[in-house]
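A single chain comes next, written as structure tokens; it is the form predicted on its own.
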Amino acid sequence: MPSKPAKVIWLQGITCNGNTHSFLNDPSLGALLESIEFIHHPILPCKKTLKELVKKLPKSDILIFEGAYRADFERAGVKMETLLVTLASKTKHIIALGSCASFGGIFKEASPEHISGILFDKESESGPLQTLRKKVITLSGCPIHPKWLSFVLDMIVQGKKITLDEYRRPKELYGYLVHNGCLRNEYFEWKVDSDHFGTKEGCLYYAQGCQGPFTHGSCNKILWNEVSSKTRAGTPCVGCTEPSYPRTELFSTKTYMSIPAEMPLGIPKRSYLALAGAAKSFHIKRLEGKLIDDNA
């Protein structure tokens, strides 16, 4: 453990505060706050208010940016093109927190030409921190899983190396697909569909638009609130960790002649269709009934 806590600035762009609220649900928050110290945070106790912060922009060890970036958006009377870039130049590590800070997210839909993430604009690496890209760690998600943030903060504090993917997301967290660990995988393999939200049975990919087979994230490995995930609760993954988020028609699967338009990541279409055809020829009674029959 370092002798002094790491100095952290939490700056907000255009945001709904979702990542801030998610972070407050981290059960390890108390222990984490023993190793970091907030110079500024919009909600938690900290040394400086936002107005005090902008009077003399200080150095920090970690800059966390939550929300989408727009150059002329202001905080405490200072435009983001000055505030973010100056604070970023004075810190050692930068965390793009949430899908909006990572790729533009939902807020980008309101003004696609002016709003972006801090390093990426959708898939393009054309955000305002291009020259500081080596400092940036991307933590996409809407909102971010609180344990993903505490994991990265702890790794930085401990001085450990974080291996990143092409979008600078930690591979330890985003090397998996949401499909990995989904309790519905047996239904996926045998092509048994779910027709409704909120049920325990059936795969949500074929009819409900589930993006789990394409989306990088450990939602079914590191469970939300330590007990569940979207797919476990009977709701399809909406792909919120990817640059393409948000897509339209979140809860439907685009098909051509009953065949999904998008194949599971890395699976050749011909191979998928051959396996799907064989699987559909079987009728497995165990998978066609309720897992828990209240009338039994």
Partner chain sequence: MITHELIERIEGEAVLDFRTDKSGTVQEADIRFVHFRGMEAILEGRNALDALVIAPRVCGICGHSHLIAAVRMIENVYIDAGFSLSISPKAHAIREITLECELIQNHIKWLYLVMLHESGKLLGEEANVSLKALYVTSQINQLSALFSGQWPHSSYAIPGGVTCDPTHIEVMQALKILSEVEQFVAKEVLGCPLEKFELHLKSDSHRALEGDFSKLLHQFEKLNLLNTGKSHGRFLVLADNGGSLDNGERSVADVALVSEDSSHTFAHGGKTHAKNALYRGAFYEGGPLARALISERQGISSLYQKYGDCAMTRLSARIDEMVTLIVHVRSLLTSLDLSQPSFTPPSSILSISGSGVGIVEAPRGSLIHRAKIEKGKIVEYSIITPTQWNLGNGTASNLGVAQKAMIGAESIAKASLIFRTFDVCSVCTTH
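Positions refer to the first chain, counted from 1. These numbers come from a predicted model, not from an experiment.
As for the form predicted together with the partner chain, it is not shown, yet the points below apply to it.
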query	finding
Contact residue in the predicted complex, chosen from Lys191, Lys135, Arg75, His216 - any heavy atom within 4.5 Å of the partner chain	Arg75
Contact check for Thr49, Glu226 and Arg247 against the partner chain in the predicted complex, heavy atom at 4.5 Å	yes
Candidate stretches 164-172, 127-135, 151-159, 195-203 - the one whose heavy atoms come within 4.5 Å of the partner chain in the predicted complex	195-203
Any non-hydrogen atom of Ala274 within 4.5 angstroms of the partner chain in the predicted complex	no
Partner proximity in the predicted complex: Ala233 to the partner chain, non-hydrogen atom cutoff 4.5 Å	yes
Touches the partner chain in the predicted complex: Gly181 (any heavy atom, 4.5 Å)	no
Touches the partner chain in the predicted complex: Tyr176 (any heavy atom, 4.5 Å)	no
Within 32-62, the residues that have a heavy atom no more than 4.5 Å from the partner chain in the predicted complex	Leu33, His40, Pro42, Ile43, Leu44, Pro45, Thr49, Leu50, Lys51
